[in-house]
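As a starting point, one isolated chain is supplied in structure tokens, in the form predicted on its own.
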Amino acid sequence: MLRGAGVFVDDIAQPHACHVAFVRSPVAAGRITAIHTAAAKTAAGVRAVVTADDIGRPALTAVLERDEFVPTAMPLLAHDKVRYAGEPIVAVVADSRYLAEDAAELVACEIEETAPVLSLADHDAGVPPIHDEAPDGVLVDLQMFADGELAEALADAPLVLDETFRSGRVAAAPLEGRACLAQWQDRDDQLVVHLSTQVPHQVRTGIAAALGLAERQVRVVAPDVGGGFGLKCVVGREEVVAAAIARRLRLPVRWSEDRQENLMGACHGHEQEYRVRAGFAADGTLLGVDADIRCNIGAYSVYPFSCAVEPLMAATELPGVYKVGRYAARGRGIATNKPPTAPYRGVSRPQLVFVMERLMDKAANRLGIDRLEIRRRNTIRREEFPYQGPNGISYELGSYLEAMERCATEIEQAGWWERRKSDDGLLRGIGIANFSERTAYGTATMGMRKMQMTPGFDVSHVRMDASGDVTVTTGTCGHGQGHETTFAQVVADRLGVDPARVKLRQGDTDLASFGWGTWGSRSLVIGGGAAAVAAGRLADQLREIAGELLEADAADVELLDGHAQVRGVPDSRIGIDTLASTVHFRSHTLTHDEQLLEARGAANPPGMFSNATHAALVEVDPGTGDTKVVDYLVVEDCGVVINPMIVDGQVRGGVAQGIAAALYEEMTYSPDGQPLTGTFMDYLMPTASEIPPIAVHHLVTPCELTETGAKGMGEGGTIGAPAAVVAAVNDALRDYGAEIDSIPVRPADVLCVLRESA
């Protein structure tokens, strides 16, 4: 990749491909009364102008098998109503992208515009429903936990906090936007779709279902993928439309979104509101939490996760690393005239950690307790694992308190407290956030969500060819996480060969038998675990054959440095490549009935918890409200670390994304629903100039539930950063009595609270 040898969808040569441009809704809400396509159809280079009627009005419908869930179809192309500005209505197919876009401008859509529902406040005010099936606008309403003694606990509590916290809507904005190249192949009776996706097999299912094809008739191939962050772990309607057109026209069809389409038309995340009542004892002990969580999920349920993914996560995992005493939580998904929300990196956990850490800081201030001390009194301790929370979750062994203490020590040694005292007119603050990150959700855990499609397990095949090189297939699908390196390490370790001799094959539904893709910090733990199991079985085969050739018991044979060697007898060894050659070409010399060297493995852990403590040092200019993170520190425990460089890179990337959510990024809209952040001039992606040095320290608590001892960690950086940064901002504003309980924190917000507190 660093040598420019990567191959993304747009790099796949197909000189005869047609290009698609979408005609998108110019308004946020309205009824389509007419679509005029005649002028576009006669434009230069146009092959087809496609409406929903032309392709049979197919739709993607996510289903959650709960009475509290209202299923609603997401049409591939809008045909009766438009539900957000940017929703695709017509697809124009032409010989080039330029011609397609020129012709798209000739399409005229007549739309009777209606009042949009953009916010939770709009919903509360009572406006027309987004979907007829949900007249109250609520697509999912989950009372996840109830506690008959909670009200009494709060009534008797010496301190009760009654607070509201909000987070803004953000975009994933991967470097490579969504892209696909679809082609029908008569020879194989198959639709081949090259796609920038995190979940090839789920996309295969979505395309097959929408177009009425057998799964075998759809092959999805993900080449190199330039980032996803959750945006690409759902099935996108534009990609399915391109596939439908390719099948209909029997021509290769290409679509690659531009940045404006990505910001205004792709899925978003994290627009949430938490109304929380929390009771504390005089010594800071948390006695109970009652949470009412509402998520602005946009216009549609995304396929296959549904719109419940955020409210479910928020209501279930709000307690985090803390013992909350009594607990009740309700999570709702409210439909609005904005793009749908996908399981964006962190999935509600940046918000719920932000909420819990704000509660801790507020209670500490009110009760006069040190911020670290109140956390010590409420954190789940090592001797209390496995800890059974009131949210029904069993937490396996972690280092929650140890991580915080290590973080406090590192801050002290780094001189943060001295730097905080600097008297140069700037306000400085230090923020700390503790959290656990549930990772690698297996089938049993995901089954509790009651999705119609239940993700969880993964399988892997490992085979050794006659030269001794190894090929690994997996159903996970990396998009920049370095799977090629870590999977090779795991397999090579089992087989005793150089990792350079192990090649990973991923992202091809015809190559990997099945898999659930890459999301939720699952790849190394589940996909890598499956590969480790398969490699272990292949290693057993090698030991058996080596035992025969070396006239030793297989149990005495070890695999290392490219050889099979009798343990304790260095001279009794044989090269693994020689073993491979013997099995393939001279099997008649063996008594073992081995014609090939290959094995299958599977992994399906229950889901485990990494944990971390984040700390941020910020500077706030009281004159302009400008806020900068000037130093950052992470103490992370993700179990066994397979590749420290990759882990640290993931942590730092996540922290950058979390800082962005805390201070810079937010999708904003005009009162009539027009997106105001359609370019990077308006949507403030941070650069290296805004991201400080990030120190990463590791604790290692091996996980007994996984094959490698590792826990996932792909989302942790994003999860902890918003809470730590906002805590630091509030610490900086502390002497003014000012507080901010929403993200992002913009300069205007700082100036506003300073003005109000003056």
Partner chain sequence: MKDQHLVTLDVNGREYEVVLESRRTLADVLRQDLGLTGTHLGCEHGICGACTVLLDGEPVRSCLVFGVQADGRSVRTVEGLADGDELSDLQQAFSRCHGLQCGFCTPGFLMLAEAYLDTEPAGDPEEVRDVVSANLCRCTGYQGIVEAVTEVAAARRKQRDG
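Every value quoted in this text rests on a predicted model; they were computed, and no experiment measured them. Residue numbers count along the first chain shown, from 1.
One more form of this protein exists, namely the form predicted in complex with the partner chain; it is left out here, but the text below deals with it.
### Task
Sort through 77-85, 185-193, 205-213, 678-686 and report the only stretch with a non-hydrogen atom within 4.5 Å of the partner chain in the predicted complex.
Selected stretch: 678-686.
### Contact residue in the predicted complex, chosen from Ile89, Ala552, Met446, Ala173 - any heavy atom within 4.5 Å of the partner chain
None of the others qualify; the residue that does is Ala173.
#### Entry: Partner-contacting position among Gly468, Gly284, Gly480, Gly562 - heavy atom within 4.5 Å of the partner chain in the predicted complex
Selected residue: Gly480.
### Query
Within 4.5 Å of the partner chain in the predicted complex, do we find a heavy atom from each of Phe8, Leu99 and Val225?
Yes, all three are in contact.
### Close approach of Gly575 to the partner chain in the predicted complex, 4.5 Å, heavy atom
Taking the distances in the predicted complex, the answer for Gly575 is no, it never comes within 4.5 Å of the partner chain.
### Task
State yes or no: in the predicted complex, is some non-hydrogen atom of Asp258 no more than 4.5 angstroms from a non-hydrogen atom of the partner chain?
Looking in the predicted complex, residue contacts with the partner chain include Asp258, since a heavy atom lies within 4.5 Å.
### Contact label in the predicted complex: Met1 to the partner chain, heavy atom within 4.5 Å
Close contact exists here: in the predicted complex, Met1 approaches the partner chain to within 4.5 Å, heavy atoms only.
### Query
Does Arg377 reach the partner chain in the predicted complex if we count a contact as any heavy atom within 4.5 Å?
Answer no; every heavy atom of Arg377 is more than 4.5 Å from the partner chain in the predicted complex.
### Message
If you apply a 4.5 angstroms heavy atom cut-off, which residues in 326-349 are near the partner chain in the predicted complex?
### Response
The stretch 326-349, when checked against the partner chain in the predicted complex, contributes only Tyr344 at the 4.5 Å heavy-atom cut-off.
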